[in-house]
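Only one chain is shown below, in structure tokens, and it's the form predicted alone.
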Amino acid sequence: MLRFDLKNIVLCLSLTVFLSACGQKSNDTHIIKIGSASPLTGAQAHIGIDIRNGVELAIEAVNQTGLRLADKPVKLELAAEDDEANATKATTVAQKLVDAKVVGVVGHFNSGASIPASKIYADAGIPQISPASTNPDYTLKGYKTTFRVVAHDGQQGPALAHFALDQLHAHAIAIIDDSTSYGQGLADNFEATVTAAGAKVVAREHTTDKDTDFKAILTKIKGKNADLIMFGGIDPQAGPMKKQMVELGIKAALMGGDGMQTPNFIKLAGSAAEGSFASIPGLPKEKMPGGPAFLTQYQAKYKTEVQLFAPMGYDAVMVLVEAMKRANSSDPAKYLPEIKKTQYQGIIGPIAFDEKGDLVNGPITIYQVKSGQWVALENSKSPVPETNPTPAASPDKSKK
């Protein structure tokens, strides 16, 4: 006959509960939030969603592989916010992400959003890596939390200028910008370079990031006999502008920066897009070290092609995660110093930061539309060094 000792039973039950609790504690998954901020609605949503998708793919990859910090399993969670490509909304979004206790932010797309938001992240001690903001002023604020994984316009503007002068042999150049941090800053750097080289700037015009009718400006430029029009702005304006150039019989080529180097520009401009030039701070996507595999993965999940900065968004997450691994912590105060030491081989290529938080030796590629597709013409892995990068005159503007 079995005999039960109440004292032993209680002891065994207590031991079982204790071991169960210990096991639960060691396997208890710690959830940490990674913020993503970009325009998810409006005319630039296709670019902002592209960035968010890249961030999402990276988070999924980390979670599938498994991440442990301080001997505990960690799961990343995406906190994506729509900044509407607007400076005021960007600061609201930044504070919302801070309040949500994100441990790092990938964003923003627009320089005019990244610049004001950067102070909020800096005050909270939260690392911010922009996958796209190119205005030099973004990292010239001196915040220890601010980084970017693209070359800036102090490099991109001169690269465009040298291509215009050396390859296109442009002599009479008209320049239009969209009066934003990105557009005006890029145009200023381009203008400074071509002027120093002796080219003639026959017109300097300004529009906005909301306009779509440029015929008055273009008619004025037509009378100046420009052989090249450089536009500092984004594809929702660049597409209609190129279409209207053809309608007005303007023979000059259109050149722009990364803001117009998208499939959407070709869609908006139609056949008029043919022959247009644009730069992008990065290697051609298919020539990035991890590009082909990433493009296949992206297409399979989202059933659309990469617009611009999804690979940069992906790598920005990985830079944050690698810094956490080295610090063995997701506490921003503990892993922020490790970001500065980054030596990471990403999809886009090698990633390291200088003392300002800028990408070291970021490549710049020049493209031309041929047969309805952007085709890479040349790239420089050691971009033209800036002498005095021109920051935007108005950092409260809302553009890239």
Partner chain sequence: MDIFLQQMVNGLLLGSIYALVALGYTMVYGILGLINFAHGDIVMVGAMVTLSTIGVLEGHLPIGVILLVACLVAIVVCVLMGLLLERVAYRPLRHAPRLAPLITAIGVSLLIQYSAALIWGKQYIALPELFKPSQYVWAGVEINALQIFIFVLALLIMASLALFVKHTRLGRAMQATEQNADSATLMGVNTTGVIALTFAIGAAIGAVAGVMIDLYYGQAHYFMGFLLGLKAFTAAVLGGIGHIGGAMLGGLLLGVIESLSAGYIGDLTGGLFGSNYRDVFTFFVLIGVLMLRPSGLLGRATTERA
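What you see is a predicted model, and the numbers here were worked out from it, not measured in a lab. Residue numbers count along the first chain shown, from 1.
One more form of this protein, predicted together with the partner chain, exists but is not displayed; see below.
- Although the partner is absent here, P350 is not a contact residue: none of its heavy atoms lies within 4.5 angstroms of the partner chain in the predicted bound form.
- Contact check for K33: every heavy atom lies farther than 4.5 Å from the partner chain in the predicted bound form.
- Shown alone here, G223 lies within 4.5 Å of the partner chain in the predicted bound form, counting heavy atoms only.
- Shown alone here, V246 lies within 4.5 Å of the partner chain in the predicted bound form, counting heavy atoms only.
- Taken together, V103, P131 and D331 are entirely out of contact with the partner chain in the predicted bound form: none brings a heavy atom within 4.5 Å.
- Distance criterion of 4.5 Å from any heavy atom to the partner chain in the predicted bound form singles out S271 from the list S271, Q167, T195, T304.
- Checked against the partner chain in the predicted bound form, the residues E286, D99, D123, D213 give one hit for a heavy atom within 4.5 Å, which is D213.
- Stretch 230 to 238 is the answer when you ask which of 320 to 328, 147 to 155, 230 to 238, 291 to 299 has residues with heavy atoms within 4.5 Å of the partner chain in the predicted bound form.
- Contacts with the partner chain in the predicted bound form, taken as any heavy atom within 4.5 Å, map within 33 to 72 to T41, G42, A43, A45, H46.
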